[in-house]
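As structure tokens, one chain now follows by itself in the form predicted on its own.
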Amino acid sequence: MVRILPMASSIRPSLSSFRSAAAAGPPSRFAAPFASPSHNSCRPLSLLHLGSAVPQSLSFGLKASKLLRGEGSSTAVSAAGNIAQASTAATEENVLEWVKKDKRRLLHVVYRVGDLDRTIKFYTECLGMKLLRKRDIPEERYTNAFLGYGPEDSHFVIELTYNYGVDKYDIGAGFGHFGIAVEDVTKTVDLIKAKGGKVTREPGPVKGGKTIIAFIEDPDGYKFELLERGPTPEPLCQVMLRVGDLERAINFYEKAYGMELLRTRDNAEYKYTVAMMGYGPEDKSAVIELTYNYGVSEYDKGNAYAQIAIGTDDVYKTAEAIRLSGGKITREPGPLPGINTKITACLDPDGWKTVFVDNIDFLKELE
């Protein structure tokens, strides 16, 4: 696995460079940890290379059509080329506009653990999650368990992956933590302590604010932030990832993923800035917390954290929007062999992986 090493910089961003906060308003095989991404053939994207040829259906007039065949002046050729470029730009705009209207939702977060039964026991007894389903794939030598606070068709859940014979992973420095909203942080921490869990930050108000929080670690060393909130439909509420350029990350998640910038917060004393991105308000939806640490542009990501899965109405359009936004497609859009669930996978500008899953196919799988 290629590791990305930290690289220091003396440049500290000004908070004014970030836009003001916006108004409030997959199944296990996706994460086989050491397998190369599948590049199965799929139907071609009709929007992939619009700039490389002039569509025959465009009516440029007789003169333009002659020029495209090699007749006429260079000025007219240039004009025809400008028309083609304008058509391409309009199509790109349509794709990116479609992203905003796509019915998207965070489905699950995938990561690897060294002892599946031990982790399930901790999450159910200490964090109050339910084991939703478990699946063993002996031919590929891994087992999955899905846990959460409600059914997968309406809640953000955790997908744990255990690979036969692998009992330890490197979490790295890029992954931050998961967030869980609880009604009483102190009681939750007391329960975790009684079960032998590790508390790394005792309950108390967040620095510079009033929200009561605490930090704990699960048996594999993944950090969880406990946030004191009232009743919420989505207790599994955050995934925090570190990025090297916050403005670049925000732009990508807005354009390619169709997320909203919910808010930003700069902490000059501790030299970091965060941006909350999601498909709904923080108190009702799971969000991604992007964190920029002053002067750090790259991180060692380890091999423990895998990806987030997001539902979409069209994986083909999704892949095109990702390309237009500067993302890297690691799995071309199309159906998975054997089950026909359509997916596409990509990397964001910082190398974090996301898998998009067809909404209808996902519900069929759950059945």
Ligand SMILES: C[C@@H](O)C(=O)SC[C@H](NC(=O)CC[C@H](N)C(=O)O)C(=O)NCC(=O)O
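All figures in this text were calculated on a predicted structure; none of them were measured in a lab. Each residue number is its position in the shown sequence, starting from 1.
Quick note: we don't show the form predicted together with the ligand, though the next part is all about it.
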For the ligand in the predicted complex, the stretch among 136 to 144, 249 to 257, 123 to 131, 223 to 231 with residues bearing a heavy atom within 4.5 Å is 223 to 231
*Three-residue site R201, Y272 and N293 fully in contact with the ligand in the predicted complex at 4.5 Å by heavy atom*: yes
Interface check vs the ligand in the predicted complex: of R118, H155, H177, R105, the one with a heavy atom inside 4.5 Å is H177
Picking from V95, L191, I171, I213, the single residue whose non-hydrogen atoms come within 4.5 angstroms of the ligand in the predicted complex is I213
Considering non-hydrogen atoms and a 4.5 Å limit, does the ligand approach R242 in the predicted complex? yes
Heavy atoms within 4.5 Å of the ligand in the predicted complex: does T161 have any?
no
Non-hydrogen atom contact Q238 with the ligand in the predicted complex at 4.5 angstroms: yes
- Item | Exercise: K207 in contact with the ligand in the predicted complex, heavy atom 4.5 Å | yes
When the ligand is considered in the predicted complex, the residues of 312 to 329 having a heavy atom within 4.5 Å of it are none
